[in-house]
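Here we start with a single chain on its own, the form predicted on its own, put down as structure tokens.
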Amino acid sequence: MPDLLESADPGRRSSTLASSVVNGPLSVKEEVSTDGGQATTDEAVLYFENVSKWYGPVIGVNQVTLELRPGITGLVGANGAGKSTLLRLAAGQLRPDLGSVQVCGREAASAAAKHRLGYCPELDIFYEEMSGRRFVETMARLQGFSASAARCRTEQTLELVGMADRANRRIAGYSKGMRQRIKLAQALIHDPPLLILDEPLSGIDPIGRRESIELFLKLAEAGKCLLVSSHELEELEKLTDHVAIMAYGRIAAVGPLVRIRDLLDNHPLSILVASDQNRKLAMALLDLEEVVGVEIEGDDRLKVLARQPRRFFQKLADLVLEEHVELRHLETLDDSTHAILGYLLGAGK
């Protein structure tokens, strides 16, 4: 497994919320003291230090060190990679067998840490006979808010997630997308600095996905830390380019997708190229040490396999100028989360 671990620091923004979010739960004065508030970019919101967790003889996560600050980090990996265990450790639902997990400097399993996080699980577990409004208000009351503050926060949060006009219906009659929005509302009700979102885009229609992505981006701009696990990799890439990739219970890589891909020098990058002189270009490319191979794709394109992408593209630019070749098309074929995850999984075998 390649050693690509770095401290995850997606926190690059700490501006105030847009008006649509300012009028949400952040504008309500808390009546319970959680000693929370927004984290600054100088402190870790979520910190795993050499964490391991076993289920009997089976290891769930293995020596994970991960540091997240305000911003959005996507969590991806194959089934069984350890994503669910990592999220449950972050939420304080599991305790590590080795190492420690901290939320804003508090042990994740403590009550103080849980006041500082909002958890949106993948599974739906509701009081089905309740309305969405009553369910969210109940969650606010369980957080310690008075009846009046809970009602106020509930209305603002339902408006924030786009459920204010449908919240009086029983949850049992909700669609998958509506249930996802109610789960998100209960996670946001106490305005935590950390949001742990497990498959939050699953089952939501395209319009709902766009609205959810816009909301997540606004929350990140307001200084919140979001850890988002998703199988919807194309949608996740619209949300953030900063990912933590899990494989075999470990964090295989963490950071911007482009930087992770650049570090995978042992795995050739596939590039589709078209020019006005393809054969001449192919011969010149084969002379570059970064080029593993060149294939002719159809009548007018070349598929180039190249290591060390940054060096390759620099040399390609020089080559085009020297040989007086006109590039008509240039496209990387495997710079996505899908491809990077496949590379890392293959490297571990």
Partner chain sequence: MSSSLLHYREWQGQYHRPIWAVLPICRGALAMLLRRRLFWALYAFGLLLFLMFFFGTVLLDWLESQVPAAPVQVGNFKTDPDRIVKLVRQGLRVLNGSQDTFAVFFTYQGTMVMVMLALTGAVLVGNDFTHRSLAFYLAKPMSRWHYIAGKCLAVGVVVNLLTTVPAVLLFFQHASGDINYLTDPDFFRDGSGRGPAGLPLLAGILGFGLVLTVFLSILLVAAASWLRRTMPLIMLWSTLFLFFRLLAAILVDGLRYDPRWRLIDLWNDLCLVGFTFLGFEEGAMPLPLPQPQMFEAAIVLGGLCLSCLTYLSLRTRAVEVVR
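All values derive from a computational prediction rather than experimental measurement. Residue numbers count along the first chain shown, from 1.
Unshown form predicted in complex with its partner chain; subsequent notes refer to it.
Query raised in the report: Counting only non-hydrogen atoms and a 4.5 angstroms cut-off, does Asp165 reach its partner chain in the predicted complex?
Result: Residue-level check for Asp165: no, no contact with its partner chain.
Query - Contact flag, Lys53 vs its partner chain in the predicted complex, heavy atom cut 4.5 Å - result: Because a heavy atom of Lys53 falls inside 4.5 Å of its partner chain in the predicted complex, the answer is yes.
Query raised in the report: Taking heavy atoms only, is Glu234 within 4.5 angstroms of its partner chain in the predicted complex?
Result: No, Glu234 is distant from the partner.
Query raised in the report: Taking heavy atoms only, is Ser175 within 4.5 angstroms of its partner chain in the predicted complex?
Result: No, no contact at 4.5 Å.
Query - Among 98-106, 67-75, 241-249, 147-155, the region lying within 4.5 Å of its partner chain in the predicted complex by heavy atom distance - result: After filtering at 4.5 Å, what remains is 147-155.
Query raised in the report: Between the options Leu257, Ala274, Ala222, Leu87, which residue brings a heavy atom to within 4.5 Å of its partner chain in the predicted complex?
Result: Checking each option against its partner chain in the predicted complex, the one that comes within 4.5 Å is Ala222.
Query raised in the report: Can you name the residues of 302-333 that have a non-hydrogen atom within 4.5 angstroms of its partner chain in the predicted complex?
Result: Contacts from 302-333: none.
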